[in-house]
Each structure stands twice: as structure tokens, then as C-alpha cells.
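Starting off, we have a lone chain in the form predicted on its own, written out as C-alpha cells.
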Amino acid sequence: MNAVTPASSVRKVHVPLGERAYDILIGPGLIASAGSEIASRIKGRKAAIITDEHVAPLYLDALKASLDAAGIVSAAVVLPAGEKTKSFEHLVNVCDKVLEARVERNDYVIALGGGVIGDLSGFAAGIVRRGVRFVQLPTSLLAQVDSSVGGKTGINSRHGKNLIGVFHQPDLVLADTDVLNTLSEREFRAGYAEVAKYGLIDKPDFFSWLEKNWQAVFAGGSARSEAIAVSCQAKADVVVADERENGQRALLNLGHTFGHALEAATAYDSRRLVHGEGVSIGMVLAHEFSARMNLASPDDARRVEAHLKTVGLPTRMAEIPGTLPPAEVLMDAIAQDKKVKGGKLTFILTRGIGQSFVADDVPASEVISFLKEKHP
């Protein structure tokens, strides 16, 4: 559990990727000190801040003031909030605005927002001038423990989620834990699904710790910082071992193949389903499917479902508001998912709590039968 030892109220996780190595700082007040933290690490003196209409009123002025104090000239782009912003239309707009701000290759794009803003901004940073520097200031729990770390960027297509993008590592991640206090309970719970995921991948002791301490994580303070730090360290370790997802990095997609299919089935309508909720349902489905394939005990699936349900997350497709398309349509979305290689289905399955593995060539007939069984 002691993945990161705090030297102060700010914890640091280092991501050692050679010339592209960077730090993740975790703690309170990091937006107010963002200018000095960035200026001490990156030579550029211009920044394009990408944010959304929900986050901007809360934190944009404080960030700009911090950058101004550090001698960094900034321009802001404020986008609509929501998953549908991850589109070509908004990508083109962001790229144009970054160029208008005369951001050069040693300058940077700053993503101030949740996973949607981080994914879109990182993609723009990766392709403008063939790559400019990139700083993540994630404002949701989900973004702090998952999408801000690792360099995967992208937008959605009508064919599926995150199918268009590039790998572009950030130069710095500033996870200000104070901003999590403004999240709705639903948003925080959605982010917590990704925290639980790290325990279910290969850290059974961490999952057990979460079962006992989840209320303290939700309340804030040292337990929350610990959970974020352990999650970031877990992801950093996987990214360093397999940066471009040629092997074991795929483990980070536990629950995501099912979850992405459900998100596509709801047309990315956040009123019905947000990403972390899809992951929650998807992780339960992955454990249940593993039990169906005689890989794991049904007791493990029940334990996962019990914990996620206890914290208030959905665990069944029937809990998604509205009508879902038939199992065959969900299967089409799974077949289009980016974890498919050579037309063969790839799932992250498990042999028990904290014993996930990459399963290649999963029989499509078993998946469609399982989906029909679980369909509401």
C-alpha cells in the first residue's frame, strides 16, 4: 500500500520513460501553484488552456493568475462539457485556437478538466506542429487516477469510443485533490470505479483495503490521497512496462470492453450512463463471464458486485435508464472495440480478485450467449 511516500502534503509519482519521463504531483492547492511548477520544468512561456464550461467558472481564473505570476502568457478555449465534445468538430476548433495562440513546439497545451478534456487536448497537443508539450490538470477523480496518466489521447467515432487518437505523453500531471470537493457524488463514484479497478487487476490487498476504507476515501483527507497515489503508481508501472499497449497494458482495460459497448449503446448520453458507471457494470460482467468460462469462482463476481453496489455504483445493465438495444447490437460494438486484433475478440478476464489476464481469441458464441443472458 505504501507505493508513494509523502515528503509533504504533496505526493509525487515518477513515470520513468527516458527523455519523456514526467512527474505526477498529488495534493491540495496545485492549481494555485501550477505556474511555478510548470515553469520549473518546461522552458516554454506560452500556453493554450483547454477547459469546459463547467470547470472554467471554478478554476480558470485561478490557473491563469498562477501562470501570469510565473510569466507564462496564456489563452483559454472553453468547450461544451460532456462526452460528445470528443469529436472531430471540437478537435479542429482546438487545433485552430492553439495555433492562433502562437503556441510553439516548446510551449504547451494545458488540459484543465476531466477525462474528456484531457483526451481531446492531448490529441490536439500531439498533432499540432507534429507535437507540442502537454500538461494535465485533471479535475475529476477518474481523470486523476486514469486518463491523465499514460499518454493515451483521442476522440470518439460513430464506430466506437476512442478509436481515433495518438500516444502523446504529458510533461507534467498536477492532480489537485482540493478540486474533488466540488464533484457531484455521481461523478466521484464514477471515478472510484477506476480506483477499484487497480485492485481487481493485480492488487488484491488494495481491493481489500478499499472495501474497508472506501468511506474515508469518499470523505477526503489522507485516505483519498493514498488511494489516488496507489492508483497512479499502479498505472505508471504498467505504462512504463508497456507504453503502447502491445501486451500487459491491456490489463488496464478490465471492464472496459463491456463498458464501452454500453456507452456506445446509450449514444454517450451522460444522463443515462457515464464512463465510470459503464466500467463498474463492465467489471462485474467481466468477473461473471470469467466464472461462466470456469476461470474463476462465482464468489469473486459476487464480491466485486457487492462492493461496487455498496459505494452506489450500478452493477447491472438493467440499472441503465431507458431501453438498451438487443444483445446483437452490443456484440457489434464489442467487435468494433479497439481491443480486437486480427478480428479475434480480446477480453480482460480474471482467475480471481487481483488475478486479471489478457484473454485472446475469446469465442464470440460464448460472448453473445452471455450478453443475452445478462440483457435486461
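Numbers follow the displayed sequence, beginning with 1. In this text the structure is predicted, and so the values were computed from the model without any measurement.
One more form of this protein, predicted together with a small molecule, exists but is not displayed; see below.
Within this chain, Ser147 lines the site of the small molecule in the predicted bound form, having a heavy atom no more than 4.5 Å away.
Residue contact with the small molecule in the predicted bound form: Leu308 places no heavy atom within 4.5 Å of it. Taking the partner from elsewhere, Leu330 is found to have every heavy atom lying beyond 4.5 Å of the small molecule in the predicted bound form.
Using a 4.5 angstroms threshold between heavy atoms, Asp237 stays clear of the small molecule in the predicted bound form. In summary, among the residues Ser121, Ser231, Ser140, Ser280, the only one with a non-hydrogen atom within 4.5 Å of the small molecule in the predicted bound form is Ser140. Between the options Leu58, Ala318, Ala65, Ala335, the residue in contact with the small molecule in the predicted bound form by a heavy atom within 4.5 angstroms is Leu58. Remark: of stretches 204 to 212, 124 to 132, 219 to 227, 178 to 186, the one touching the small molecule in the predicted bound form is 178 to 186 (heavy atom within 4.5 Å).
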